[in-house]
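What follows is one chain in structure tokens, specifically the form predicted alone.
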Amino acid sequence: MLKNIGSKIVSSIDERYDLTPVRNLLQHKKVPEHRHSVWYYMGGVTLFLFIVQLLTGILLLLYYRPGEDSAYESVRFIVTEVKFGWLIRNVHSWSANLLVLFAFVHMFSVFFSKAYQKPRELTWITGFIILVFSLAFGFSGYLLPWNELAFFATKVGTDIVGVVPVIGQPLKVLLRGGEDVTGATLSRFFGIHVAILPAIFTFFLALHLLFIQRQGMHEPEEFKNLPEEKKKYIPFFPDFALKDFLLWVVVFNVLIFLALYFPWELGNKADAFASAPKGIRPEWYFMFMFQSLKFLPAHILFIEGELLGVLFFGVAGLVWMMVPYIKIKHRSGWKFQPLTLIGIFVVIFIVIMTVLGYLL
């Protein structure tokens, strides 16, 4: 009976909207099967974690009240009075961190497999923009509980923005809503976090997914060089989709484990007149930049060290985004291509600086 009802519904929709393109996509889309196929699933996990962020964020919005005199109290109410409010907040916080982690893993897997090359240049660029906005989500959402640690971390972060030549100071005032971090800053970060960033993020995510659907999964060179009879493909639906869903279930279980056994502390309410607590640090995904800036001397020649560091990371980010258009000649005697060596150096640099940031 249910099958008949389902068939009638599908037939009714098909009659009005013609589902032939969707049906053809599900029936004919194939995914290459090779030893690096596991990296195909990293993008799907990132998408799943964004969905978790969206759903838990909506639930938190039902009780959260932005404001200098209400934000901290509303979060405390959520974690102490609302049924399972503590769980929703922990899941939201941990999924934000895991989203950034898997976005980085996905980006580097795409880089090392050279999936950014023609004709996938725009897929790489939109993916990089999504990563940048994921970091912006983390930065803007960090202040919303209005606790002591978030207050001073935001102050440090916006101070760093202020050192950028020409646009830095106006951008700092725009973010803060004034010269200092106040309730106006909280209101602006709230608007950025729940309205502006989701709209922009969703737009680029839709573009990214559209490009992937149009061009299909990237095939590594070693797979392309195989004889046609040795190439293996699996149907996207249901085979690949089911494997993707299974990984989502595993990640969700890890997420719940972290939320249950490693709860996100609320800490003390922010006080602008209190002294900054010792050991103020950014979230782990900003740590490599933060620690690098700490290692720089006050002045390098006639330029402030912090300014030089900020400019370096800004230029490096733009260069990284334009990687598909960078051509470096590969000599036959080299074991690795130059861009691959650069990628390895970037990964090692990020890991070492992040570790040093927590040890020093």
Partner chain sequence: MRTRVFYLSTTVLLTIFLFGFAFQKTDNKTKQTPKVDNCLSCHKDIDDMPQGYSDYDVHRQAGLTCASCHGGDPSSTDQEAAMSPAKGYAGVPKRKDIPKFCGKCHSNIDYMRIYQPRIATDQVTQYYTSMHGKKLMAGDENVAECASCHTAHSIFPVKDPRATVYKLNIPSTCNKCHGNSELMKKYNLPSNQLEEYSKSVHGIALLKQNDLGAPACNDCHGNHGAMPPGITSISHVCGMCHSSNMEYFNATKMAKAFAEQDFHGCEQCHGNHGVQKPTDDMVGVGKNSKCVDCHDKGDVGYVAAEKIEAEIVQLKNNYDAATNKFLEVREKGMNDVDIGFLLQDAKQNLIQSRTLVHTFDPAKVVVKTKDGMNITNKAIMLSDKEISEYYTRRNGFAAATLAFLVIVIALYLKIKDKEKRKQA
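Note that the coordinates shown come from a computational prediction; the quantities given were computed from them, not determined experimentally. Residue numbers count along the first chain shown, from 1.
This protein has a second form, the form predicted in complex with its partner chain, left out of what is shown; the following refers to that one.
Undergrad: Just one of E222, D239, D180, D159 has a heavy atom within 4.5 Å of its partner chain in the predicted bound form. Which one?
TA: Looking at the other structure, the residue within range turns out to be D239.
Undergrad: Could you spot which one of F211, W86, F133, W284 gets a heavy atom to within 4.5 Å of its partner chain in the predicted bound form?
TA: Of the listed residues, the single hit is W86.
Undergrad: Among 188 to 196, 223 to 231, 249 to 257, 106 to 114, which stretch has residues with heavy atoms no more than 4.5 Å from its partner chain in the predicted bound form?
TA: Going by heavy atoms within 4.5 Å, the stretch is 249 to 257.
Undergrad: So in the predicted bound form, is its partner chain close enough to T80 to count as touching (4.5 Å, heavy atoms)?
TA: Flag for T80 set to yes.
Undergrad: Does the 4.5 Å heavy atom contact test between H92 and its partner chain in the predicted bound form come out positive?
TA: No - in the predicted bound form, heavy atoms of H92 and its partner chain never come within 4.5 Å of each other.
Undergrad: Report yes if any heavy atom of F203 sits within 4.5 Å of a heavy atom of its partner chain in the predicted bound form; otherwise report no.
TA: No, no contact at 4.5 Å.
Undergrad: Give a yes/no on whether K172 approaches its partner chain to within 4.5 Å in the predicted bound form, heavy atoms considered.
TA: Looking in the predicted bound form, residue contacts with its partner chain do not include K172, since no heavy atom lies within 4.5 Å.
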